[in-house]
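In structure tokens, one chain follows: the form predicted alone.
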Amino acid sequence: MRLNLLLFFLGAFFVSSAQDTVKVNTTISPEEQAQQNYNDGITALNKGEGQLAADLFSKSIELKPDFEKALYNRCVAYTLVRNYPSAMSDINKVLSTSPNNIEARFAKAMVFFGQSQKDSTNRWLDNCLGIGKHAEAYYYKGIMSYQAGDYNEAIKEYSGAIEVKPDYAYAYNDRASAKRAINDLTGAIADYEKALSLNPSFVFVYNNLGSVYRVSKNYDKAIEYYTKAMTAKPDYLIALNNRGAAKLESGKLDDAKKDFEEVLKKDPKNSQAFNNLASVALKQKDYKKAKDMAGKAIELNANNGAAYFNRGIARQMLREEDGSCADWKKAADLGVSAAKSFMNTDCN
């Protein structure tokens, strides 16, 4: 009896399912659609797809004109694709209704930063920090100070960023570079190592560490870190060039030459590598080759002051006095200070 009753209900269930149609309402409200577009815009923005993100935020704003978060993030997206007038328009709308929005103040600073408007950038970073502590605002204040050559102030600002955000790997790296600029090599090494401990994928920090050790003439350590950079990123030609330079400075001329030649295999138009080969040739007293290598470096980059300097030395040794003085003058004009002493000593 119980079995038949169960079968009856099962049968009734299947009959009902076969005959009845249930209508599901798939229409969503404008508010919900605006939120969906916004969410998709955030996803695109996180992927670095600035224009797609801006388009999605625009759709969201069309449905919900007072959607402040969409306006703010569309400003960020426009800044990413360098559409600065549209970015400024959006962030001004946000600030008109929320003047004390710290993130909006920072975003406006970034619109100015993208346009290299230094005074306005600094003013809005200060406006941001006037409300409260903000790691990225301190960080960009550090960048501005570093670019201005005020390395002590840069260290102070980067330290502010780290105080707010202790795991800020970029701030540690950049503070290290500022310390290196004032010859605080021990402090620079400690900060670079901290940056690596926070983010081991920062391959460029290995290169930076190599350069600090190279400045301190610890060439074995420099070569070790340049090699680590290349192991992590085999096409990192800057590190390969730098490793060659460390070998050159330590007197390992043949090994240095191999590194520079390897750079040129991967990048035949690398002006720096050609000039580095000129430096090797000068050390080996092959002045004709040094002249040729420096000449190729200049052909590839007419503003390579170091190449003019090296070619000037080679020409002097080849008794091409007029040519050497012309090269040193060009090198001096391009900012190679050592060229001036050569000119004062050997040129009329």
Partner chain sequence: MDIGIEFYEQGRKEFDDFRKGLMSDKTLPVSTRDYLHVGNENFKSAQSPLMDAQKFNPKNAKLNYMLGFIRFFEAPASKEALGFLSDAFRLDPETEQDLPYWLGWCYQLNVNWDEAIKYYNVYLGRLNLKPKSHVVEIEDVQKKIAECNNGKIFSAKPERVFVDNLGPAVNTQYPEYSPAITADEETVIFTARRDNSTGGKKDSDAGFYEDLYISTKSNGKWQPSKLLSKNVNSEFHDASAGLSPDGSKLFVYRHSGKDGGDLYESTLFGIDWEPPVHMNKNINTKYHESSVSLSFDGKRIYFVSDKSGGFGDRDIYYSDMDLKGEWGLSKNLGPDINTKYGEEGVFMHPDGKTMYFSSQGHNNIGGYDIFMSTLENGKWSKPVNLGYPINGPDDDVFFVVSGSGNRAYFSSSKQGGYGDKDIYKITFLGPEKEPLLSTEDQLLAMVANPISNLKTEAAVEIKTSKLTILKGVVTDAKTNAVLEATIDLIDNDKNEVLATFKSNSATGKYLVTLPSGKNYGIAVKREGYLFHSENFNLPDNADYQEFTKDVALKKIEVGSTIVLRNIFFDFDKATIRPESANELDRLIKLLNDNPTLKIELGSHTDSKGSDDYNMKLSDSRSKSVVDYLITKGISAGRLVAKGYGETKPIDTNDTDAGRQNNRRTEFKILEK
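Numbering follows the first chain given and starts at 1. Values in this document were obtained by computation on a predicted structure and should not be read as measured data.
There is another form of the same protein, the form predicted in complex with the partner chain; it is not shown, and what comes next is about it.
Partner proximity in the predicted complex, defined as non-hydrogen atoms within 4.5 angstroms of the partner chain, places exactly one of 99-107, 122-130, 84-92, 174-182 at the interface: 174-182. Using a 4.5 Å cut-off to the partner chain in the predicted complex, not one of Leu52, Tyr78 and Ser216 places a heavy atom inside that distance. For the chain shown alone, Leu71 is not a contact residue for the partner chain in the predicted complex, no non-hydrogen atom being within 4.5 angstroms. Residue contact with the partner chain in the predicted complex: Gln33 places no heavy atom within 4.5 Å of it. The partner chain is not shown here, and in the predicted complex it never comes within 4.5 Å of any heavy atom of Ile189. Though the partner is left out of this view, Glu249 does reach within 4.5 Å of the partner chain in the predicted complex, counting heavy atoms only.
Taking a 4.5 Å heavy atom cutoff to the partner chain in the predicted complex, the contact residue among Ala161, Ala245, Ile223, Ile155 is Ala245. Taking Ala306, Leu63, Leu300, Ile42 one by one, only a single residue has any non-hydrogen atom within 4.5 Å of the partner chain in the predicted complex, and it is Ala306.
Contact annotation for 51-73: no residue has a non-hydrogen atom within 4.5 angstroms of the partner chain in the predicted complex.
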